[in-house]
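Let's start with one chain on its own, the form predicted alone, as structure tokens.
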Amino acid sequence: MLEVYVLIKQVPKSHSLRIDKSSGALIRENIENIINPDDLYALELALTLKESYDAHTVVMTMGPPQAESALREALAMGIDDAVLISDPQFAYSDTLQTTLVIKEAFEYLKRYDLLITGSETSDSSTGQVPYQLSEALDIPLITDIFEYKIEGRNFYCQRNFGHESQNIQVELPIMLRVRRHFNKPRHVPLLGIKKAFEKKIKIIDFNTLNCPDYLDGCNKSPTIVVKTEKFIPKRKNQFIEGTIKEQAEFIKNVMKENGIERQWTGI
């Protein structure tokens, strides 16, 4: 049976976003949290694979204990099982530390055919983990697919690459990074909510993985948040008057003054 994992993240709802000024970290306790919006498209793809290929689907997240609610929501949508990677020693992990912990988790679980992620998270927007994890696990990562099929251990797909469309054939296991609007995520059925709370969630912690010291997110993450501040971009509004010819000449002069004309024309 095809073993499909969806990697999701629980993030603060946009209006609930608050930052600890002393540490620069997001405050995740006592606020409204949701499944990262981009990850819903990854979940929908997994559910489609379950229906089309009789795949066994698992949702996985790394986070604090309250991230269980995001997993339960995914289970309510129709995902079969859930894994929570959680330990105080994983707190404050940057994308590299997160990747290394998830890599250890998959080596512990051993069996996986397809790993699916969303495009990026709304709380950090780095989009780095899919690329790093594919390198760590030494499996291909395919992005921007719009058509696919699976035959045996082979995955066939078409993807957009700039102005090109590529036909790809690759052997499982692989990773897929799904863009927003790739599909239409389904709503959570009422019956699914009841079933979701009957499911047991598998917990993976520091001791489960027998992690080496370098996976201590609190102290070993190479990225350190020094300061966080709210940035409001300001643009200069300028109205251009005159005839079309005069307006075009004005814009041309502005481009010259800012070196844009040279970049645009290559002269």
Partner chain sequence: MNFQLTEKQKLIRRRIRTFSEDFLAPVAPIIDRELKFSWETARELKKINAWGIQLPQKYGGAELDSISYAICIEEIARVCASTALNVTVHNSVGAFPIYKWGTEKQKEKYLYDLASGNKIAAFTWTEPNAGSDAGGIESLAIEEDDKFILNGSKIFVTNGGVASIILVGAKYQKSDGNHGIGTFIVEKEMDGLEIGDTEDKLGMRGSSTTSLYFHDIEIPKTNILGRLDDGFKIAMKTLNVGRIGIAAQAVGIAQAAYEYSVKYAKGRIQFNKPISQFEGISFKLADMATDIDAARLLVYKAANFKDLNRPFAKESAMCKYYASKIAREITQKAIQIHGGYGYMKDLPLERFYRDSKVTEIYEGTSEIMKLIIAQQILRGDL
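Source: prediction; values computed, not measured. Residue numbers count along the first chain shown, from 1.
Keep in mind that the form predicted in complex with its partner chain is not shown, yet the notes after this line are about it.
**Student:** Determine which one of 183-191, 106-114, 142-150, 91-99 lies within 4.5 Å of its partner chain in the predicted complex, judging by heavy atom distances; exactly one does.
**Tutor:** Looking at the other structure, the answer is 183-191.
**Student:** Name the residue from 34, 209, 55, 201 that puts a heavy atom within 4.5 Å of its partner chain in the predicted complex.
**Tutor:** Flagged contact: 34.
**Student:** Please check if residue 73 has a heavy atom lying within 4.5 Å of any heavy atom of its partner chain in the predicted complex.
**Tutor:** The answer is yes: residue 73 has a heavy atom within 4.5 Å of its partner chain.
**Student:** Does any heavy atom of residue 197 come within 4.5 Å of a heavy atom of its partner chain in the predicted complex?
**Tutor:** Contact check for residue 197: yes, within 4.5 Å of its partner chain in the predicted complex.
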